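Alright, here's a single protein chain in two forms, structure 1 and structure 2, each given by itself as structure tokens.
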Structure 1
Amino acid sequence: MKTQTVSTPPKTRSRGVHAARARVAFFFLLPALLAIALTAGYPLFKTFQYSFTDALITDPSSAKPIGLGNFWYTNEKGVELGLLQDPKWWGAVRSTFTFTFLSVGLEFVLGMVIALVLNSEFKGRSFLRTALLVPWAIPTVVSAQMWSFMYNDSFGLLGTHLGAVLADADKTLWAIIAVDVWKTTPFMALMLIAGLSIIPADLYEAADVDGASKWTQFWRITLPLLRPAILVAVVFRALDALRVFDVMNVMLGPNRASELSMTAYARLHMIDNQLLGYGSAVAVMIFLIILAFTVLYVASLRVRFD
């Protein structure tokens, strides 16, 4: 780069420097942008393309376009084959949303309690902070196996008391929510602690002087000032929960997981059943659902990420 040509007159030099710097920035950005285009942009485009075909995973190149057939199609015998006509798909959508609301809601309450406790000073605070990172660092697959063992109804610590929670359709979702809450509450708590740490202490001092109770202080000072951190933490966790897959696939197996998780439903059809086109249509629907959720959330609550 030759921006250091000191001989040029000041005015054009500064404009030239700007243009040159923009060019440099472009070249520095290029590799990352190319990698993102190749791993995210192009595959997303292909997924959309496959969703309008009858592609099979064994031979994607011989796919024929079938329009919206993967989404809506009733054959001559009146059998409904489209994704949007499949009650199992809608069941998975409903379960995923139930899972997300309950899981993120519980994590938020629990995370808030932990954050408030950790924000006060006491002996062993740094120990608790480290303990907080343990569930977070454990791979989801491992935590799923740990809890499966505890839920085991013949010798598990919980299963011997609760019964076969993973076999009982009414209890399965709750059992899985418990695993997810345990695993992800630390993330929520850490985000909230970071938010708490930037609330100025003198606000509380002033409130103390005015005789406001701690309870009032929590509702009037802590919660409103924590709002930005809460909104960001909740949306990150919600987006994560909406694409839940690992914990359900490991604890329930691909077939039962597909009844509870949108992602598991998509993968079951796309990979296990080899229906690349149909599976891609499911993936497109998930993408649109999550996009709509994000847009609604960000717009209605005016979230700022930066």
Structure 2
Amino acid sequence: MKTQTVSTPPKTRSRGVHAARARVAFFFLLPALLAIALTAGYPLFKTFQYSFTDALITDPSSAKPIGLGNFWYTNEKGVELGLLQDPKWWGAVRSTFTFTFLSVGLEFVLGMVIALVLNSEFKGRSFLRTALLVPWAIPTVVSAQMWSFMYNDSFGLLGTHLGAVLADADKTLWAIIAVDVWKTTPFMALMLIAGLSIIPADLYEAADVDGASKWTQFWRITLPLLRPAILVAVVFRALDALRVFDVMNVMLGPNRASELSMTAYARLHMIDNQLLGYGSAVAVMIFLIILAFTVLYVASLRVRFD
């Protein structure tokens, strides 16, 4: 009697291997997921919870639920007290997005130029790459105070020529954007250098043989192959810029910083005004804005982090 052997289809075996790998990966990720749930999930839950109460930071236990009162509320005299009715909040949102788009855009352009230069072969390249890290290595509070002195119109290196830029409402945001570009362009450049280093050199050699100019090579080879690194670097910097706080708080003080930064606005109401419920509502709005931005960015541009 002839015995017939039944073999497992390749696709079924492949799915089984992938499922086994997924289970092992989940097992190794489980401690990290639990740590994130405890350190980030619980504070986030409490922030959402306080945002629907009239809690004060001096006595959170006496908080009473007020529904959406922190977000939208008009009292019997017609005074609008809700967060979404506050023009200062929307001014902070507008300034934060302006700061984000301008600073990240300038950092990307300058970072690309620096990355292309430092990716080429020349004497002293290693030293320049190391020196590039100096602004990034300085703590933000220190660099913000240093630039605040430089902008001083009495004795500052720049302020004596430019005037009181930090006191001029039309120039303040540009002055802070310049500080942010100076500090974080090295980060953008290093991210792009990492992406440039994995582009095969033989592509450029073949383009040289075909007579393609350096400009054509940049648009047809460098930019398309660098796209994953660009998208990741830009989203990291954009998320960081949307949460800008320290540089504005140091250079402008809490009150003026709250007019330009969403996080400084939250800090002013939560800490200085001791309104834990209202400050939590601001924090919730910041979380939702950044979440929406991230989802739209990743989905529309199909960003991959692998």
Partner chain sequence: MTLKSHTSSGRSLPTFKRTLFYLMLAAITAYLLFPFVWAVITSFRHATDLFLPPMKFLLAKWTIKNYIEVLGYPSFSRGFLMSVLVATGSVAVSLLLGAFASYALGRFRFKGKSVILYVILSVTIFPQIAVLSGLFTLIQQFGLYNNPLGLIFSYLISSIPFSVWVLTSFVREIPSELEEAAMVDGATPLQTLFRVLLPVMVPALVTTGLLSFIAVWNEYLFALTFTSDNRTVPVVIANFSAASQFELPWANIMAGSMLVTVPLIVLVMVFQKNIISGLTSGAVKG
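Quick caveat: nothing in here was measured; it's all calculated off a predicted structure. For numbering, take structure 1's sequence and count from 1. If you superpose the two forms and keep the largest set of C-alpha atoms that fall within 1.5 Å, you have the rigid core.
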Structure number of the form predicted on its own = 2
Threshold 2 Å Cα movement between structure 1 and structure 2 for Ala22, core superposed | yes
